[in-house]
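Given as structure tokens, the chain that follows is alone and in the form predicted alone.
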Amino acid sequence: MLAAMEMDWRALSQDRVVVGVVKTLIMLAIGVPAIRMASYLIAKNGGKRFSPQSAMLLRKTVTYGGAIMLFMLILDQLGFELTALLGAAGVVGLALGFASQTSVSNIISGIFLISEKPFSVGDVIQVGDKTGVVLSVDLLSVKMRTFDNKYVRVPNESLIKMDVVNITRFPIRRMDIIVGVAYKEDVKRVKAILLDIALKNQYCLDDPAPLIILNNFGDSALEFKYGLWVAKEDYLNLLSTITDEIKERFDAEGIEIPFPHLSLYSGSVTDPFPIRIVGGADPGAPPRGM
């Protein structure tokens, strides 16, 4: 009797294990594709309703949140006590928090960056001597790609402490160029030529108007500050065309673009301290008494 009951219990236990494993496999077969599909749909259609940064955060929230929920359901299905596991996870998390203060500081800084939104995915920012396009804004760091195709990871704590320049935050930018001409050139004529060059360039905006002022009296040239307004997406196009147009137009108008000159005096000084003799004596005669 006891042996039969023991065999029935073992068989029942084995059946429960088999059923639990089957249910776990079914959960994995349904849950993993569902999480991937939801992440794909958000990545594909999120840009139409949200900003790239918001779409990326939503996609990561769905992916990580769905993975955690699926993991907890599988543990519950396999018979693990979730309360004990969560308590142990809390103790471990507390210990890791004390052991990794830098990571905690980066996470707190990341929360401030995400909430403040000084920049978002797709913006061009300058951090120290690094300039590039923001690829992602995460809790630990910001990833960016420089214009020479380098991958840069900047910890969030460093971004909070440093000056960050968002180059593409506004729809238009001003490009400042220093143009030098010879001192002999007429200032009004040079300004008129520079204005005409700006008005004829297809990338330069008419409103706001170009800024053209005599900025400095240089060592070899009159230096004009040439400020041109341009849409942020056309900045490089304007930079690559306007310098060629200035050179070609100045050559055609006969405007001299000077370069630094250095004058050297070549000669000899026979008597650095000449003595002037008053009284009509011969300057070349030796002094008396010799």
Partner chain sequence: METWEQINLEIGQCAMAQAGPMTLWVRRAENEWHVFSRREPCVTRGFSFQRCDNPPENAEWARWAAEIKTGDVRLVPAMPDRPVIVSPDVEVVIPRKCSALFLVGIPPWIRVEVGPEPRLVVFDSPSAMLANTWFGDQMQGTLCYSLRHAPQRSPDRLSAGRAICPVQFTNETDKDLKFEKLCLNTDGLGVYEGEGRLWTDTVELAFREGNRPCDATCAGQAPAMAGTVRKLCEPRNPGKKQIIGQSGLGTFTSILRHSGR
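Residue numbers count along the first chain shown, from 1. Keep in mind the model is a prediction, meaning the values are calculated, not measured.
Another form exists, predicted together with its partner chain; not displayed. Remarks below refer to it.
Peer 1: Identify, from the list Glu256, Asp234, Glu245, Glu223, the residue with a heavy atom within 4.5 Å of its partner chain in the predicted complex.
Peer 2: Exactly one listed residue reaches within 4.5 Å, namely Asp234.
Peer 1: If the cut-off is 4.5 angstroms on heavy atoms, which of these, Ile167, Met72, Ile108, Ile172, is the one near its partner chain in the predicted complex?
Peer 2: None of the other options qualify; the answer is Ile172.
Peer 1: Which one of these stretches, 149 to 157, 128 to 136, 184 to 192, 207 to 215, sits within 4.5 Å of its partner chain in the predicted complex when only heavy atoms are counted?
Peer 2: Selected range: 207 to 215.
Peer 1: Consider Gln202 of the chain shown here, and say whether it contacts its partner chain in the predicted complex, taking contact as heavy atoms within 4.5 Å.
Peer 2: Yes, Gln202 lies within 4.5 Å of its partner chain in the predicted complex.
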